[in-house]
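First, one chain by itself in structure tokens, the form predicted on its own.
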């Protein structure tokens, strides 16, 4: 159940976040009820519209006249918040439709989350909203909030109303939404909008993202997701918001289920490795969404994005009054992909002149434990004026001579005169509320530990790169023969098979321009000798059978055969091995293939996910691919930049870059193979899984070669 098509998202935002009137259907006189809590929040949060309690058994609630039904309300109703038993929800929505209500938030649980009966009830709800033209958030949700003083709408049963801010939070979980609101309140973090989506029977994250794209009160968007309703649409909309809109906005997301067991059982390496969580990683990377692990991190990063300019690059300066925290910050910066800026000579001269002789004038700048605010000002201004510095982390540990409030004032005054991000770390455990108030007032983020500040700055630098990244398109190759590949796939499907033995896989890849080794399918040892002489020694022999997917496991591969005599022996041994290990296998023959020259081994592949579509894989290849799992993923179709980023993303990329004096590998050839693979699997939807392992990669300029391939169709 996704969102409605042809939906007017700006109208949806107006319906839900700026209604002139709200009916609370199920408002209650019971102090401990959800209906009472929601009505109370609406009534006492400063809502500027009219709120109507609807309860057939009550004359009034909290001093406000109650109505028997939505129909009895004298004026129009823009938004209905519904808290009635689940079986009554369809009927209430029917009344709302007849009344002309355009938006509904269904708080009630008891729908698809409880099983088949609830799912059927949710279908009824969806049918009613479609028929009546009602946009619906929920069911099974916490509600919605708009802190804009023009509306001040709190239609939730949370305990507190967040202060006004520029951060929007969308949560699929009501419980986590409550925790987020509590955390934001405790940390004095302001929000612009809050939405608990619940079961997403109608309005989804895609509808809300499109609405928030142009929301003037929102500069940062936070997501808690358990799934995506439409991944392709999410990528398009999120990419627009994060990188292409006139007013770009970072999106930070927590996606639950990262450690879920149960990647689908598959015959290919790619299928075994490509769990849905890797697919979500790929979706987020492609759309410029920053994935985080915890609620604390989510708000840590959000505060930095919401209050500070983005760094131009990842070169950071650290200013501290203590060596240990400076070292901790340095380690964290390097770990999270930042660089310590190299100061210009003019900067070090200023620091040398203005700081004590015992101070460290290199990065990280240690202004020594007895530093007062004047020393902070000199150091901060010196590094901020340096063109090599893109952002600063200022650290202060409490010393007897340190006036933390004065240091805070100096930091905020200094930061305000430069268009570079400033993050602070005040490592104090006593009450420093006044110090933090000074920082909060001037919107300078503060963190208890240096690592948190470094992580936040690293995320800002990553997002800054995303905005500045070169834009590339999906490359279309014109030297392919789609009909040739389709004929092979059609024949296999017609014969009732799902696995393509290597000669057929070879034909499909050759049709799409992959660099394949010269080869022949032979039926006898003498045909094998003739084929090897034509191809040229050394050669490889591989068993060909529709019943054998993993040839090595049954002794069905012989490599580096140098002579005709060796070939005859190898041919005989290969057939004996296979007959012993797989006596019932249907043997088509033996594949004689040119022995590939040595190079770096990679794997590229695809697994077609029912929800995400084709998931592409790249990683270190050979026999250890599933052991080390050093792989990256993307969703097809693949852009040129996406292919290059896939290659750089794996831990073993240095091996292809040229490690310890070795020449660099031809990563452009890998990128081309990935893009050809993307085009192949987009054209041929019958391909379910595909592995090329190994893809032998040669030195830069020398290309790559497909050594072994496996294709399964559906």
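Numbering follows the first chain given and starts at 1. Just so it is clear, the model here is predicted, and its values are computed rather than measured.
The same protein also exists as the form predicted together with a small molecule; that form is not shown, yet it is the one meant from here on.
Asker: Residue 506: heavy atom within 4.5 Å of the small molecule in the model of the complex?
Answerer: Answer no; every heavy atom of residue 506 is more than 4.5 Å from the small molecule in the model of the complex.
Asker: Considering only heavy atoms, tell me if residue 542 and the small molecule come within 4.5 Å of each other in the model of the complex.
Answerer: Judged by the heavy-atom cut-off of 4.5 Å, residue 542 is in contact with the small molecule in the model of the complex.
Asker: Indicate whether residue 601 is a 4.5 Å heavy atom neighbour of the small molecule in the model of the complex.
Answerer: Yes, contact at 4.5 Å.
Asker: Are any of the heavy atoms in residue 559 no more than 4.5 Å from a heavy atom of the small molecule in the model of the complex?
Answerer: Yes - in the model of the complex, heavy atoms of residue 559 and the small molecule come within 4.5 Å of each other.
Asker: Can you say which of 165-173, 146-154, 382-390, 548-556 gets within 4.5 Å of the small molecule in the model of the complex, counting heavy atoms only?
Answerer: Stretch with heavy atoms near the partner: 548-556.
Asker: The small molecule isn't shown here, but in the model of the complex which of 350, 375, 608, 594 has a heavy atom within 4.5 Å of it?
Answerer: None of the other options qualify; the answer is 594.
Asker: Of these, 306, 128, 517, 295, which has a heavy atom no more than 4.5 Å from the small molecule in the model of the complex?
Answerer: Filtering the options by heavy-atom distance leaves 517.
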